[in-house]
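The chain below stands alone, shown as structure tokens; this is the form predicted alone.
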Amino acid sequence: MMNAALQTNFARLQIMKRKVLAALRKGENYELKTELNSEYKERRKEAVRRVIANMTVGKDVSGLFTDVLKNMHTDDLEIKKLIYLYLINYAKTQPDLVILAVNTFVKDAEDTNPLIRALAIRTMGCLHVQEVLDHLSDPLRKCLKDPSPYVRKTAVMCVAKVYDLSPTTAEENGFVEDVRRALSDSNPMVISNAVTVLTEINEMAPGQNVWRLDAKSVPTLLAAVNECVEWGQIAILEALADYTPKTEKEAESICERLLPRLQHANGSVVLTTVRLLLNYEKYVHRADLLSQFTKKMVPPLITLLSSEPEIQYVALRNINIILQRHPKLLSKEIRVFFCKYNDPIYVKYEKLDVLVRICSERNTEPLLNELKEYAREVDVDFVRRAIQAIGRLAIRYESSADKAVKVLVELLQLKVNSVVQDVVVVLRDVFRRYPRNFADVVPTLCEHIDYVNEPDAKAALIWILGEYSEHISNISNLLGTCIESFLEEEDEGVQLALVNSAVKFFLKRPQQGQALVLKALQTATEKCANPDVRDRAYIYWRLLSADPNAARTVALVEMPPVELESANLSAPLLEELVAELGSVASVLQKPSRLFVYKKADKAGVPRDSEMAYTGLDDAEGGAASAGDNGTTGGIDTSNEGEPELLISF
């Protein structure tokens, strides 16, 4: 009895096993294949949806190509769209089977519904298969002259795809000429698409000058730009921005007619219009008009700062470039650029750069008060940039130096470790810019010596100790403590600063400094492993032994005051970026020829990450070196861009 029960259970398990294996062999594709061939329309429709869903998440459903193809003959627009999407995705892997769908495409291109006609011609262009190209010519020719503007604008875009696949076919069939004629179309969207296609064809065939905007087409484009959607407006504005007016009157007319585009809600339209106005400045010579155009730019640029953070960032990067062309453009709008508590950090960084750039001597006080608040934030990098900005203002405007130094001293008294480091480095540069003006601040600075532990800050503080040793009552103790830890210092700059300051102290106070300088020089020459530090110590020792007066002229020489170097882009680079305002190039602040494959190849730029600007200067660096030790100044005025990228669109 038990054996019979076991045999029955075993048989059942075998049956279940066979069913599971059969299901596994068939899989989901087998199930979909069955559904696609179902006699019920709703089941076929649901199967097509599932096929597209699987394709979207990356599953391979190319084995269902012929089954999907059978469902093309339908009046259901949704199914037709989904199947066309499937065909576009697998056309390159199944070019022979795509030919089976050509008849349906041709038939759909003559459908009474303009949506289906446009869908068919768009899909045929997107297939990008040479075998389909031969069958595309007649439907495309008809659609380019279709009574429906929606079909015409779609057919115009298809010409660019045909030209990309076979320029000869596009030329021989007169498609390019048809697109040129479309510039005179009655529908503004057809015109904007024609401009886009002709611009792309020019990029595909450099040197052939397939299309060049002429004076006859300009009025048509100016009339169409007001009625297009934003992307159509951008295409027309970019074409007009690259156009060279024949006369000054024409340039003035174009600018005046496009000024309303500055009020558009789309930021890209606004920036492209600003780009056009900046490009046309060289053609307009009337000062009153130029002033009017400049004033009109301000409100829309300010409005962009009320958008989402990402748009704010793009706007600020573009504003940074615009301000290098027109430095006083936004000088009255400084409060608009004050950072908000909820601004992302990348927006705050850009706002800081713009604030320093547009600040003038008359509005430094409110900006210094604002920067003082920023220096109390919790983000260390942002605090550092705020403190450096205070230093830049102090160096740029002598009338504001007193106020800036007071702010720095207030920050110093917060006794926040990271703040103290940055303040010391910046004060070093301010002292170099205004020698002897702020000697009374030095004792306060020395009270915070215990908080100074970063190499740059240590080197800066030790330089100040040597430079102002006569104003510090306990200088022997301070320098002595630093020299005691000479060998513990790993940074070469700190060791060099100690040697320099010890020599300066000795030359200013020989009686008090003799023991200190002897200890510093002995430690540096006998125990220090760094050859540069040893050599510096030997040179000073020999100078002091042979001729103290010569040592005085070397060590106590009056150093030139530190100056802020220009943070502007070089003139050629600035002109390139102004011509690409509102694009990725203006955000990266690098010409597109350096990171777009086609333009990079045309310009002879290698496709690697080591490429550099050829014939273009980077924005100049920060403040001058800080004293004798040769370390970099604490005020960062650099405007280095991101690493070079190569992007293929």
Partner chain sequence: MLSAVFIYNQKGEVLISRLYRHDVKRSVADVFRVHVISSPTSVIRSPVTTLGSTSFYHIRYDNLWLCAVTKNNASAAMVFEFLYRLLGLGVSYFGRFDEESVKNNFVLIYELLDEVLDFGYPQNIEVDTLKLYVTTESVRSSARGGLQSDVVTGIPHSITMQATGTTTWRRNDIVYKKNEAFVDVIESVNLIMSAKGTVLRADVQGQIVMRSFLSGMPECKFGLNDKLVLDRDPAAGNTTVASSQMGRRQGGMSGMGDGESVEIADCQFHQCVRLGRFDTDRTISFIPPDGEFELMRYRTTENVNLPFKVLPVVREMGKTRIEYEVLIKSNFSAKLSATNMVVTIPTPPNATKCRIKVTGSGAGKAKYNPEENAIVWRISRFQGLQELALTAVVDLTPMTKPVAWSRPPIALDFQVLMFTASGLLVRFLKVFEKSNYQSVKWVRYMTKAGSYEIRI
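Residue numbers count along the first chain shown, from 1. What you see is a predicted model, and the numbers here were worked out from it, not measured in a lab.
Heads up, the form predicted together with the partner chain isn't pictured, but that's what we're talking about next.
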query	finding
Answer range among 490-498, 323-331, 536-544, 73-81 for contact with the partner chain, defined in the model of the complex as heavy atoms within 4.5 Å	73-81
One residue of Leu127, Ile390, Ala194, Val562 in contact with the partner chain, assessed in the model of the complex (non-hydrogen atom, 4.5 angstroms)	Leu127
Single option in Glu171, Glu281, Glu227, Glu575 placed near the partner chain in the model of the complex, where near means a heavy atom within 4.5 Å	Glu227
Exercise: Arg436 in contact with the partner chain in the model of the complex, heavy atom 4.5 Å	no
Heavy atom of Asp67 within 4.5 Å of the partner chain in the model of the complex	no
Non-hydrogen atom contact Gln589 with the partner chain in the model of the complex at 4.5 angstroms	no
Contact test in the model of the complex: Val98 vs the partner chain, heavy atoms, 4.5 Å	no
Residues of stretch 183-198 in contact with the partner chain in the model of the complex (4.5 Å, non-hydrogen atom)	Asn187, Pro188, Met189, Asn193, Thr196
